[in-house]
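First, one chain by itself in structure tokens, the form predicted alone.
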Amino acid sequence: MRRSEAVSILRFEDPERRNALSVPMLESFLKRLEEVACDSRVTIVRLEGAGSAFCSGIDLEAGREDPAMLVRLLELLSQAMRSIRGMPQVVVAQVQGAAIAGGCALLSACDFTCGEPGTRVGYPVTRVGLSAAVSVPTLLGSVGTAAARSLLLEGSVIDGTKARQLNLLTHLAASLEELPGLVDELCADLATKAPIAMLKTKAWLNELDESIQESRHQSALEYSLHSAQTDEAALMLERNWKNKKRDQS
């Protein structure tokens, strides 16, 4: 984490694996979120991913090798979404490259999401036998029911322009090169706002759309966990892993 005045930067730092979410990474991320949430000097959190991708989702290879690990990853992902949405600070995501599956779930929990035409977002997890239901409590408020059904059931990956049309991205830079500047400007503008007024407004919006309601998040998590613990998921994860190995050879 780096801090500049009222803005704290949290960055996923595993670019070689496109910031795939491992258990240690998610545990560290949750700890950082808790620390920042308790810091009254911070009003804006800027969430980034090092390298070419924002986040390629949870570590499916670890989940393939150990089903209990897959359960733990989904539990931590759900908690991360709750923490992002529930923290008092405004959270701004800078999304270069991909925000896939678990990465897209984190995206849906942020208050502002900034991308560019080459950004790729979506939930292709039905292709490996998993359900992205865990994302629903925050996704619905961003894109609405019809778009959420399309994103989650079709399992397609869309570009930044389409994501902006659906409001999955709130801001779209003209190019990848211009994305950091767009986020700089947004964070700087937000940092000039009255912090208590922003805090209260975010809290009220969360209450209205029920995106911090624990029972909703828990139910959504249970649907995703159920799909992860089936023979179907085990078979499809194994098939996906073999196909990747073949493509790499």
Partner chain sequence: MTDESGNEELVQLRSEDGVCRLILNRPQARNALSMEMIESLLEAVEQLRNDEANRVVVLEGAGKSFCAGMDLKGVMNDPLQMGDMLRTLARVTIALRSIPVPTIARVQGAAIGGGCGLCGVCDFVVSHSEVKMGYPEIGLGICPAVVAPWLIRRIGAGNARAILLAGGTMPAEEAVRMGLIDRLVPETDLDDEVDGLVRKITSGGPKAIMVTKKWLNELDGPDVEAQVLKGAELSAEVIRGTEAQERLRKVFAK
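Numbering follows the first chain given and starts at 1. The structure presented is a predicted model; accordingly, all values stated were derived computationally and were not measured.
If you look for the form predicted in complex with its partner chain, you will not find it shown, but the lines that follow are about it.
Novice: Since the chain is shown here on its own, which stretch among 46-54, 22-30, 193-201, 219-227 would lie within 4.5 Å of its partner chain in the predicted bound form, judged by heavy atoms?
Specialist: Selected stretch: 193-201.
Novice: Check, residue by residue, if Val90, Ser142 and Leu205 all come within 4.5 Å of its partner chain in the predicted bound form, counting heavy atoms only.
Specialist: All three within 4.5 Å in the predicted bound form.
Novice: Taking heavy atoms and a 4.5 Å cut-off, does Arg164 contact its partner chain in the predicted bound form?
Specialist: Heavy-atom contact with its partner chain at 4.5 Å: present for Arg164.
Novice: Flag Thr170 as yes or no: does it have a non-hydrogen atom within 4.5 angstroms of any non-hydrogen atom of its partner chain in the predicted bound form?
Specialist: Residue-level check for Thr170: yes, a contact with its partner chain.
Novice: Given that the partner is absent here, does Asp189 sit within 4.5 Å of its partner chain in the predicted bound form, heavy atoms only?
Specialist: Yes, Asp189 lies within 4.5 Å of its partner chain in the predicted bound form.
Novice: Taking heavy atoms and a 4.5 Å cut-off, does Arg82 contact its partner chain in the predicted bound form?
Specialist: Output for Arg82 is no: heavy atoms all beyond 4.5 Å of its partner chain.
Novice: Among Asp39, Asp209, Asp184, Glu65, which has any heavy atom within 4.5 Å of its partner chain in the predicted bound form?
Specialist: By the 4.5 Å heavy-atom cutoff, the listed residue in contact is Asp209.
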